[in-house]
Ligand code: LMR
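Shown below, as C-alpha coordinates, is a lone chain in the form predicted alone; questions about how it binds or moves come after it.
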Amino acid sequence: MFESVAARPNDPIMVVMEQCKADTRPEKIDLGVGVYKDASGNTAILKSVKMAEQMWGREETTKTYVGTIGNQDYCQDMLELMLGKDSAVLTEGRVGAAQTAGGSGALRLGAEVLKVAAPDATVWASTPTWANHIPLITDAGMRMDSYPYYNRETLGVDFEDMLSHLDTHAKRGDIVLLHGCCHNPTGADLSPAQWDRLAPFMAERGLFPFIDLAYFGLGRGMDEDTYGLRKVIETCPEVLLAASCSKNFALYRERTGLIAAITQTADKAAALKSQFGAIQRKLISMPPDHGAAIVTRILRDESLRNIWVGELDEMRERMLGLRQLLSDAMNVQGGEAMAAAIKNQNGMFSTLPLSPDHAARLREEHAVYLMPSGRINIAGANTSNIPRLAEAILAVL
(Lines give C-alpha, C1' and ligand atoms only; values in the text may rest on other atoms or scores of the structure.)
Protein backbone atom coordinates (compact mmCIF):
# COMPACT_ATOMS: atom_id res chain seq x y z
CA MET A 1 0.00 0.00 0.00
CA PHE A 2 2.66 2.54 1.03
CA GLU A 3 5.42 1.67 -1.42
CA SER A 4 4.89 4.85 -3.44
CA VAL A 5 4.65 7.17 -0.41
CA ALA A 6 7.84 9.21 -0.04
CA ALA A 7 9.02 11.20 2.94
CA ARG A 8 8.33 14.92 2.80
CA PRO A 9 10.99 17.51 3.72
CA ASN A 10 10.63 19.03 7.15
CA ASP A 11 9.11 22.48 7.52
CA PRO A 12 11.95 25.08 7.42
CA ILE A 13 10.97 26.37 10.87
CA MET A 14 11.19 22.85 12.29
CA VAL A 15 14.64 22.48 10.71
CA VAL A 16 15.89 25.63 12.44
CA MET A 17 14.33 24.48 15.74
CA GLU A 18 16.11 21.13 15.57
CA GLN A 19 19.44 22.73 14.63
CA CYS A 20 19.19 25.12 17.56
CA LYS A 21 18.20 22.37 19.97
CA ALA A 22 21.22 20.31 18.94
CA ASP A 23 23.64 23.22 19.42
CA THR A 24 25.43 22.87 22.76
CA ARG A 25 26.96 26.35 22.78
CA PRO A 26 25.59 28.14 25.87
CA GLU A 27 25.63 31.54 24.15
CA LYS A 28 23.25 30.49 21.32
CA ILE A 29 20.40 32.86 20.43
CA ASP A 30 17.17 31.38 19.06
CA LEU A 31 15.35 33.87 16.82
CA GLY A 32 13.64 31.22 14.71
CA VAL A 33 10.34 29.78 15.92
CA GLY A 34 7.47 32.29 16.08
CA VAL A 35 6.45 32.11 19.72
CA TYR A 36 6.72 34.77 22.40
CA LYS A 37 9.49 34.21 24.93
CA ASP A 38 10.09 36.00 28.22
CA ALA A 39 13.45 37.33 29.43
CA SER A 40 14.41 33.80 30.54
CA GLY A 41 13.67 32.34 27.12
CA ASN A 42 10.51 30.57 28.27
CA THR A 43 7.06 30.57 26.66
CA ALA A 44 5.20 30.66 29.94
CA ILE A 45 1.49 30.16 30.59
CA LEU A 46 -0.09 33.51 31.42
CA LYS A 47 -1.15 34.03 35.03
CA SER A 48 -4.63 35.04 33.83
CA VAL A 49 -4.89 31.78 31.87
CA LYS A 50 -3.80 29.69 34.87
CA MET A 51 -6.36 31.38 37.09
CA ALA A 52 -9.12 30.98 34.51
CA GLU A 53 -8.26 27.30 34.12
CA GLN A 54 -8.54 26.77 37.86
CA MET A 55 -11.95 28.47 37.92
CA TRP A 56 -13.15 26.60 34.85
CA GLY A 57 -11.94 23.31 36.32
CA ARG A 58 -14.30 23.81 39.26
CA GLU A 59 -17.22 24.96 37.09
CA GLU A 60 -17.01 22.70 34.04
CA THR A 61 -19.76 20.09 34.09
CA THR A 62 -19.37 18.22 30.78
CA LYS A 63 -16.95 17.23 28.05
CA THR A 64 -19.59 16.88 25.37
CA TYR A 65 -19.15 18.39 21.90
CA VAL A 66 -19.36 22.15 21.46
CA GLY A 67 -21.02 21.91 18.03
CA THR A 68 -19.71 22.56 14.55
CA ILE A 69 -19.63 26.37 14.98
CA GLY A 70 -18.09 26.11 18.44
CA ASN A 71 -18.49 28.33 21.47
CA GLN A 72 -20.64 31.27 20.39
CA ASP A 73 -20.03 33.18 23.64
CA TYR A 74 -16.33 33.08 22.76
CA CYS A 75 -17.08 34.32 19.24
CA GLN A 76 -19.13 37.23 20.56
CA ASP A 77 -16.53 38.18 23.16
CA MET A 78 -13.71 38.10 20.62
CA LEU A 79 -15.65 40.16 18.10
CA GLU A 80 -16.43 42.78 20.75
CA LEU A 81 -12.74 42.82 21.70
CA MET A 82 -11.65 43.42 18.10
CA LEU A 83 -14.49 45.61 16.82
CA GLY A 84 -15.83 47.29 19.97
CA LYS A 85 -19.07 46.51 21.80
CA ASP A 86 -20.93 49.25 19.95
CA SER A 87 -19.82 48.19 16.48
CA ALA A 88 -22.72 48.65 14.06
CA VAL A 89 -22.16 45.30 12.37
CA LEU A 90 -22.52 43.56 15.74
CA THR A 91 -25.58 45.46 16.93
CA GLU A 92 -27.24 44.86 13.55
CA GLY A 93 -26.42 41.14 13.59
CA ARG A 94 -24.41 41.30 10.36
CA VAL A 95 -21.59 39.02 11.52
CA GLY A 96 -21.61 35.24 11.19
CA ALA A 97 -18.79 33.60 13.16
CA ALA A 98 -17.46 30.21 14.16
CA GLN A 99 -14.81 29.02 16.57
CA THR A 100 -11.92 27.31 14.76
CA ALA A 101 -8.90 25.14 15.43
CA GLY A 102 -6.46 28.03 15.72
CA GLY A 103 -5.75 30.80 13.26
CA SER A 104 -4.79 28.21 10.64
CA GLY A 105 -8.20 26.59 10.99
CA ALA A 106 -9.80 30.00 10.54
CA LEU A 107 -7.85 30.67 7.35
CA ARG A 108 -8.76 27.27 5.95
CA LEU A 109 -12.47 27.70 6.71
CA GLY A 110 -12.31 31.13 5.13
CA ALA A 111 -10.68 29.72 2.00
CA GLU A 112 -13.27 26.94 1.77
CA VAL A 113 -16.13 29.47 1.96
CA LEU A 114 -14.47 31.63 -0.69
CA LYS A 115 -14.24 28.59 -2.92
CA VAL A 116 -18.03 28.22 -2.61
CA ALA A 117 -18.74 31.94 -3.03
CA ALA A 118 -16.19 32.89 -5.71
CA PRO A 119 -14.52 29.81 -7.23
CA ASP A 120 -13.00 31.76 -10.12
CA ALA A 121 -11.54 34.56 -8.01
CA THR A 122 -7.84 35.02 -7.28
CA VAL A 123 -6.56 35.51 -3.74
CA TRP A 124 -3.81 38.15 -3.70
CA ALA A 125 -1.21 37.91 -0.93
CA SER A 126 1.61 40.22 0.04
CA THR A 127 5.23 39.63 -1.01
CA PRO A 128 6.29 38.08 1.29
CA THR A 129 3.49 36.61 3.38
CA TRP A 130 3.27 34.01 6.13
CA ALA A 131 4.45 30.79 4.48
CA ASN A 132 1.45 28.76 5.63
CA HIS A 133 -1.01 31.12 3.94
CA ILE A 134 -0.21 29.55 0.58
CA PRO A 135 -0.88 25.85 1.31
CA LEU A 136 -3.89 26.64 3.50
CA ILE A 137 -5.58 28.60 0.74
CA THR A 138 -4.44 26.77 -2.39
CA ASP A 139 -5.26 23.35 -0.94
CA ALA A 140 -8.85 24.57 -0.65
CA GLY A 141 -8.77 25.00 -4.43
CA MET A 142 -8.31 28.76 -4.61
CA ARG A 143 -5.90 30.36 -7.08
CA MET A 144 -3.30 32.69 -5.53
CA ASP A 145 -1.11 35.50 -6.82
CA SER A 146 0.98 38.17 -5.12
CA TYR A 147 1.23 41.94 -4.84
CA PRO A 148 4.33 43.99 -3.95
CA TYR A 149 4.58 44.78 -0.26
CA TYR A 150 7.97 44.67 1.50
CA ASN A 151 10.99 46.39 0.03
CA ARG A 152 14.12 44.58 1.22
CA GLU A 153 16.25 47.62 0.43
CA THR A 154 14.23 50.30 2.24
CA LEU A 155 12.89 47.73 4.76
CA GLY A 156 9.48 49.37 4.51
CA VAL A 157 6.14 48.91 2.77
CA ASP A 158 5.97 49.63 -0.97
CA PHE A 159 2.46 51.02 -0.59
CA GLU A 160 2.21 52.87 -3.90
CA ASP A 161 3.48 49.81 -5.78
CA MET A 162 0.94 47.69 -3.89
CA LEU A 163 -1.97 49.91 -4.96
CA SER A 164 -0.71 50.23 -8.53
CA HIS A 165 -0.27 46.48 -8.91
CA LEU A 166 -3.72 45.65 -7.54
CA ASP A 167 -5.27 48.39 -9.66
CA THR A 168 -3.67 46.96 -12.80
CA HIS A 169 -3.89 43.21 -12.22
CA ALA A 170 -6.66 42.38 -9.74
CA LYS A 171 -10.15 42.07 -11.19
CA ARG A 172 -13.46 42.96 -9.54
CA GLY A 173 -14.43 40.16 -7.18
CA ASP A 174 -10.85 39.12 -6.40
CA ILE A 175 -9.80 38.67 -2.78
CA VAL A 176 -6.97 40.61 -1.11
CA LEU A 177 -5.37 38.88 1.87
CA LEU A 178 -4.23 41.50 4.37
CA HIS A 179 -2.28 41.26 7.64
CA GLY A 180 -4.27 43.29 10.16
CA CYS A 181 -1.14 44.15 12.19
CA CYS A 182 2.34 42.85 13.06
CA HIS A 183 2.98 41.60 9.53
CA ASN A 184 4.52 38.13 9.46
CA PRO A 185 7.32 37.80 8.43
CA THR A 186 8.43 41.44 8.08
CA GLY A 187 6.95 43.44 10.98
CA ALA A 188 6.27 46.23 8.46
CA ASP A 189 2.67 47.40 8.88
CA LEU A 190 0.41 49.76 7.00
CA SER A 191 0.03 53.13 8.73
CA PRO A 192 -3.42 54.47 9.69
CA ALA A 193 -3.17 56.90 6.75
CA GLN A 194 -2.46 54.00 4.40
CA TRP A 195 -5.42 52.03 5.76
CA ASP A 196 -7.52 55.16 5.18
CA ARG A 197 -6.53 55.04 1.50
CA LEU A 198 -6.63 51.27 1.07
CA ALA A 199 -10.17 50.73 2.37
CA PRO A 200 -11.96 53.01 -0.15
CA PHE A 201 -9.57 51.84 -2.90
CA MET A 202 -10.79 48.27 -2.37
CA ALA A 203 -14.44 49.26 -2.06
CA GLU A 204 -14.36 51.29 -5.29
CA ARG A 205 -12.70 48.48 -7.25
CA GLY A 206 -14.88 45.70 -5.88
CA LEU A 207 -11.97 43.89 -4.18
CA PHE A 208 -12.89 41.65 -1.25
CA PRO A 209 -10.85 41.98 2.00
CA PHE A 210 -9.71 38.83 3.81
CA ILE A 211 -7.96 40.02 6.98
CA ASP A 212 -5.66 37.81 9.05
CA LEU A 213 -5.45 39.23 12.59
CA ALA A 214 -3.13 36.88 14.46
CA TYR A 215 -1.14 39.25 16.70
CA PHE A 216 -3.47 42.06 17.78
CA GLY A 217 -2.45 43.66 21.06
CA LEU A 218 1.23 42.83 20.54
CA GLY A 219 2.07 45.66 18.12
CA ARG A 220 1.29 49.14 19.41
CA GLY A 221 -1.86 48.48 21.45
CA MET A 222 -5.31 46.97 21.02
CA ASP A 223 -6.89 50.04 19.43
CA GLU A 224 -3.90 50.71 17.19
CA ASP A 225 -3.65 47.08 16.08
CA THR A 226 -7.34 46.83 15.12
CA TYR A 227 -7.50 50.22 13.37
CA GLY A 228 -7.11 48.77 9.88
CA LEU A 229 -9.72 46.07 10.48
CA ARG A 230 -12.27 48.59 11.73
CA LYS A 231 -11.57 50.99 8.87
CA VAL A 232 -12.08 48.25 6.28
CA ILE A 233 -15.32 47.08 7.91
CA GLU A 234 -16.62 50.66 7.98
CA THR A 235 -15.83 51.11 4.28
CA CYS A 236 -16.25 47.78 2.50
CA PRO A 237 -19.66 46.08 2.28
CA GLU A 238 -18.35 42.59 3.09
CA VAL A 239 -15.23 41.34 4.89
CA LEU A 240 -13.79 38.00 5.97
CA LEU A 241 -11.82 37.94 9.23
CA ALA A 242 -9.53 35.22 10.61
CA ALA A 243 -8.25 35.70 14.18
CA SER A 244 -6.12 33.75 16.63
CA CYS A 245 -5.57 33.62 20.39
CA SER A 246 -2.26 31.76 20.12
CA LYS A 247 -0.07 34.82 20.61
CA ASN A 248 -1.98 37.37 22.69
CA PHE A 249 -3.31 34.76 25.15
CA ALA A 250 -0.25 32.45 24.68
CA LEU A 251 -2.67 29.58 23.95
CA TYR A 252 -0.50 28.05 21.23
CA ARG A 253 -1.26 24.39 21.80
CA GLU A 254 -4.94 24.91 22.61
CA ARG A 255 -5.63 25.86 18.94
CA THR A 256 -8.05 28.69 19.61
CA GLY A 257 -9.16 30.73 16.61
CA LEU A 258 -12.13 32.46 14.99
CA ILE A 259 -13.51 32.95 11.48
CA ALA A 260 -16.07 35.70 10.91
CA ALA A 261 -17.91 36.98 7.86
CA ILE A 262 -19.13 40.58 7.94
CA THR A 263 -22.10 40.71 5.59
CA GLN A 264 -24.72 43.20 4.36
CA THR A 265 -27.70 41.62 6.14
CA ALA A 266 -28.41 39.53 9.23
CA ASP A 267 -29.92 36.79 7.07
CA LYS A 268 -26.71 36.53 5.06
CA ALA A 269 -24.66 36.38 8.26
CA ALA A 270 -26.74 33.42 9.40
CA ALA A 271 -26.16 31.74 6.04
CA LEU A 272 -22.39 32.19 6.36
CA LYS A 273 -22.43 30.78 9.88
CA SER A 274 -24.22 27.68 8.59
CA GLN A 275 -21.57 27.33 5.87
CA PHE A 276 -18.77 27.52 8.43
CA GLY A 277 -20.43 24.78 10.46
CA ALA A 278 -21.04 22.52 7.47
CA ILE A 279 -17.46 22.89 6.20
CA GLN A 280 -15.90 22.43 9.63
CA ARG A 281 -17.97 19.26 10.07
CA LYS A 282 -16.25 17.82 6.98
CA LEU A 283 -12.75 18.89 8.05
CA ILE A 284 -12.47 18.27 11.80
CA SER A 285 -16.10 17.81 12.86
CA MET A 286 -15.96 20.25 15.80
CA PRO A 287 -13.36 22.59 17.31
CA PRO A 288 -11.67 21.96 20.68
CA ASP A 289 -13.35 23.58 23.68
CA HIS A 290 -10.69 24.34 26.28
CA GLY A 291 -8.98 27.42 24.84
CA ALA A 292 -12.21 29.16 23.89
CA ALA A 293 -13.70 28.49 27.33
CA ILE A 294 -10.61 30.03 28.97
CA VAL A 295 -10.68 33.14 26.74
CA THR A 296 -14.37 33.66 27.51
CA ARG A 297 -13.72 33.26 31.24
CA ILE A 298 -10.97 35.88 31.09
CA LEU A 299 -12.91 38.40 29.01
CA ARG A 300 -16.06 38.12 31.15
CA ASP A 301 -14.35 38.36 34.55
CA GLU A 302 -13.23 41.93 35.27
CA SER A 303 -10.37 40.88 37.57
CA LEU A 304 -9.02 38.28 35.13
CA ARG A 305 -9.42 40.65 32.22
CA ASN A 306 -7.39 43.34 33.99
CA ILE A 307 -4.63 40.83 34.75
CA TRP A 308 -4.59 39.68 31.12
CA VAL A 309 -4.43 43.26 29.82
CA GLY A 310 -1.46 43.86 32.10
CA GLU A 311 0.29 40.74 30.85
CA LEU A 312 -0.39 41.69 27.24
CA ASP A 313 1.01 45.15 27.90
CA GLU A 314 4.11 43.59 29.45
CA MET A 315 4.73 41.35 26.43
CA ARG A 316 4.25 44.22 24.00
CA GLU A 317 6.44 46.64 25.96
CA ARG A 318 9.19 44.04 26.29
CA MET A 319 9.32 43.56 22.52
CA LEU A 320 9.26 47.30 21.88
CA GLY A 321 12.13 47.67 24.35
CA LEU A 322 14.14 44.94 22.62
CA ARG A 323 13.53 46.64 19.28
CA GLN A 324 14.83 49.91 20.67
CA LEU A 325 17.94 48.23 22.13
CA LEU A 326 18.73 46.37 18.91
CA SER A 327 18.11 49.52 16.89
CA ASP A 328 20.51 51.48 19.09
CA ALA A 329 23.14 48.73 18.84
CA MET A 330 22.91 48.62 15.03
CA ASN A 331 22.82 52.36 14.47
CA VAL A 332 26.39 52.50 13.20
CA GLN A 333 27.87 53.07 9.77
CA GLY A 334 26.30 50.55 7.42
CA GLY A 335 23.49 49.62 9.79
CA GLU A 336 21.44 52.81 9.87
CA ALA A 337 18.62 51.52 7.64
CA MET A 338 18.22 48.34 9.66
CA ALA A 339 18.31 50.31 12.90
CA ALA A 340 15.48 52.58 11.77
CA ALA A 341 13.37 49.71 10.43
CA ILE A 342 13.70 47.51 13.51
CA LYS A 343 12.53 50.35 15.75
CA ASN A 344 9.54 51.23 13.57
CA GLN A 345 8.30 47.70 12.84
CA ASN A 346 5.70 45.94 14.97
CA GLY A 347 5.21 42.66 16.77
CA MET A 348 7.55 39.71 17.03
CA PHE A 349 9.02 39.68 13.54
CA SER A 350 11.38 41.64 11.35
CA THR A 351 12.87 40.60 8.03
CA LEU A 352 16.44 41.84 7.71
CA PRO A 353 18.42 42.09 4.43
CA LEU A 354 20.11 38.77 5.11
CA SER A 355 20.59 35.97 2.57
CA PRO A 356 20.50 32.22 3.30
CA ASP A 357 24.32 32.35 3.27
CA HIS A 358 24.26 35.11 5.90
CA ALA A 359 21.86 33.02 8.00
CA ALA A 360 24.17 30.00 7.71
CA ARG A 361 27.18 32.07 8.80
CA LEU A 362 25.25 33.47 11.76
CA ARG A 363 24.37 29.92 12.80
CA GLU A 364 27.83 28.43 12.30
CA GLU A 365 30.06 31.30 13.41
CA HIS A 366 27.94 33.09 16.01
CA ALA A 367 25.35 30.55 17.30
CA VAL A 368 22.54 32.84 16.11
CA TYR A 369 19.53 31.00 14.69
CA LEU A 370 17.05 32.65 12.34
CA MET A 371 15.10 31.76 9.20
CA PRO A 372 17.03 31.58 5.89
CA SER A 373 14.75 34.38 4.63
CA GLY A 374 16.25 36.78 7.17
CA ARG A 375 13.21 36.72 9.44
CA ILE A 376 13.98 37.13 13.12
CA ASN A 377 11.73 36.75 16.15
CA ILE A 378 12.73 39.69 18.33
CA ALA A 379 11.21 38.00 21.40
CA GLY A 380 13.93 35.34 21.19
CA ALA A 381 16.55 37.90 22.23
CA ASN A 382 17.14 39.47 25.63
CA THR A 383 18.79 42.58 27.00
CA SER A 384 22.07 40.79 27.75
CA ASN A 385 22.66 39.30 24.29
CA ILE A 386 21.41 42.19 22.12
CA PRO A 387 24.93 43.73 21.76
CA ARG A 388 26.39 40.40 20.60
CA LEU A 389 23.45 39.86 18.24
CA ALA A 390 23.95 43.26 16.62
CA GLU A 391 27.69 42.66 16.31
CA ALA A 392 27.10 39.26 14.67
CA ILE A 393 24.61 40.61 12.13
CA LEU A 394 26.89 43.48 11.16
CA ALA A 395 29.85 41.11 10.95
CA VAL A 396 28.24 38.78 8.37
CA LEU A 397 27.07 41.77 6.32
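The structure presented is a predicted model; accordingly, all values stated were derived computationally and were not measured. Numbering starts at 1 and follows the sequence shown.
The same protein has a further form, the form predicted in complex with ligand LMR, not shown here; the description that follows concerns it.
- Across the options 356 to 364, 32 to 40, 334 to 342, 48 to 56, residues that bring heavy atoms within 4.5 Å of ligand LMR in the model of the complex belong to 32 to 40.
- At a distance threshold of 4.5 angstroms between non-hydrogen atoms, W130 is in contact with ligand LMR in the model of the complex.
- Though the partner is left out of this view, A22 does not reach within 4.5 Å of ligand LMR in the model of the complex, counting heavy atoms only.
- The shortest heavy atom separation between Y369 and ligand LMR in the model of the complex exceeds 4.5 Å.
- Although the partner is absent from this view, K247 contacts ligand LMR in the model of the complex, with a non-hydrogen atom inside 4.5 angstroms.
- A heavy atom within 4.5 Å of ligand LMR in the model of the complex is found for one listed residue only; from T226, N184, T263, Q275, this is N184.
- Residues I13, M14 are the members of 1 to 16 with a non-hydrogen atom no more than 4.5 angstroms from ligand LMR in the model of the complex.
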